[in-house]
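Coming up is one lone chain in structure tokens, specifically the form predicted alone.
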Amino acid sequence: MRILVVGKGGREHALVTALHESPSETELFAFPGSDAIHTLARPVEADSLASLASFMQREQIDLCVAGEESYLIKEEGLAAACAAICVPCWGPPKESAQLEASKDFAKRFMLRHGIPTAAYERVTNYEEALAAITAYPTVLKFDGLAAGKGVAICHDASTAEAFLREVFVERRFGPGDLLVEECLSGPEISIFAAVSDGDYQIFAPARDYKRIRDNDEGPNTGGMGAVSCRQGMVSTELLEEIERTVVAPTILGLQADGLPYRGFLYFGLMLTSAGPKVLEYNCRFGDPEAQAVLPLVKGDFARYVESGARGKLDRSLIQFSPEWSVCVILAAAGYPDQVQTGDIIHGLDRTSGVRVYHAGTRKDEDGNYLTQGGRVLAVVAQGTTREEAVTQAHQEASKIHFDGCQRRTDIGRLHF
């Protein structure tokens, strides 16, 4: 089976690894990929979805797997480009991907289908936003894609005004509106489902850590780590409630609205005193949650995804490990603001018993890996207990170093 994975980060490295380790015979390709990904998947050169589709047609690709969200909504959308050449795509079409691409679209979808979420107001400029904020803390969300950085939890007027300037004056995230949202409280949880039309299967729940520093201090990031377990993260009763009130109504809503969907669907949830409420949807695997969840998937993952992309979820093809999985991110100096790149990464050859996924690296002429992005590496360990996985992940992550390396020491410990 010839498979193309679209994307270049740590999530895509985890996806490529899971596909590579599947017992089915596979030949993997990656666009744009990275030096680390290209050790497992052949690089693809393309400058548009049209040229990427031409490559798939020429090379007789059997399956396209969407990693990054941006390609789902770029131009006509990756799924449409695949459909035009009859290549199954594991990733939803552009109209369905609006669940992630537009916070307002997602909110209206949830309200329409009775899916619990926070109250909100959409605003179009700085003055409207200030008028819509009636109490603190408040949550401000940029309406479009922002690489996980378009949300601010503001506890006072000064932080709210600073974020509003980024959105409406500096246009940090480009043109777009803003949602002023009720601030919910409670622990957060991430739920992932494989969706094929009206059928779905829930994978292991996960929890990620957004803040840059220990104890959830400092600015938000794309994620500084994650922990996952199929059975130990939430109770059976709570998972059943989440499925009944959130997951199942979402799948039914997609069908009712005529929104086709084949691919991964992420539910970011707040476990409030009034029950689980949706914070956001992502129309692909989360990052860094994918790096924690995918090692728990056993069996023929490649064939499972290919079957789902063709319209049938074959549950017999995969199983889930009962172990705990802990992912620790190593970030570059300056992240999440002015990122320092080009630093040599030392110690990659010293780790053992863990997976190391590359998120933002490149090789130099001498074969050294250098930092090339904000989140640089993910070190992932599994264990029969959470404590075992936590200890292993942090122990091995500490063997890797580069100038200005940032790493939280409480991943898998805090909130448990």
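On a predicted model such as this, the values are computed, not experimentally measured, just so you know. Here, rigid core means the biggest group of C-alpha atoms that superpose within 1.5 Å across both forms. Numbers for residues come from their place in the sequence shown, where the first is 1.
What comes next is about the form predicted in complex with adenosine monophosphate, which is not displayed.
- Checked against adenosine monophosphate in the predicted complex, the candidates 252, 183, 85, 157 yield a single residue with a heavy atom inside 4.5 Å, and that residue is 183.
- Taking a 4.5 Å heavy atom cutoff to adenosine monophosphate in the predicted complex, the contact residue among 345, 270, 233, 333 is 270.
- Shown alone here, residue 262 lies farther than 4.5 Å from adenosine monophosphate in the predicted complex, counting heavy atoms only.
- Taking the partner from elsewhere, residue 210 is found to have a heavy atom lying within 4.5 Å of adenosine monophosphate in the predicted complex.
- Contact between residue 188 and adenosine monophosphate in the predicted complex is found at the 4.5 Å heavy atom cutoff.
- Contact annotation: residue 280 falls within 4.5 Å of adenosine monophosphate in the predicted complex, judged by heavy atom distances.
- Although the partner is absent from the chain shown here, none of 8, 19 and 37 has a heavy atom within 4.5 Å of adenosine monophosphate in the predicted complex.
- Comparing 337-345, 175-183, 293-301, 161-169 against adenosine monophosphate in the predicted complex, the single stretch with non-hydrogen atoms within 4.5 angstroms of it is 175-183.
- Residues are counted as partner-facing when one of their heavy atoms sits within 4.5 Å of adenosine monophosphate in the predicted complex; in 149-165 these are 151, 153, in sequence order.
- After superposing the rigid core, the Cα of residue 275 is displaced by less than 2 Å between the shown form and the other one.
- With the core held fixed between the shown form and the other one, residue 83 has its Cα displaced by under 2 Å.
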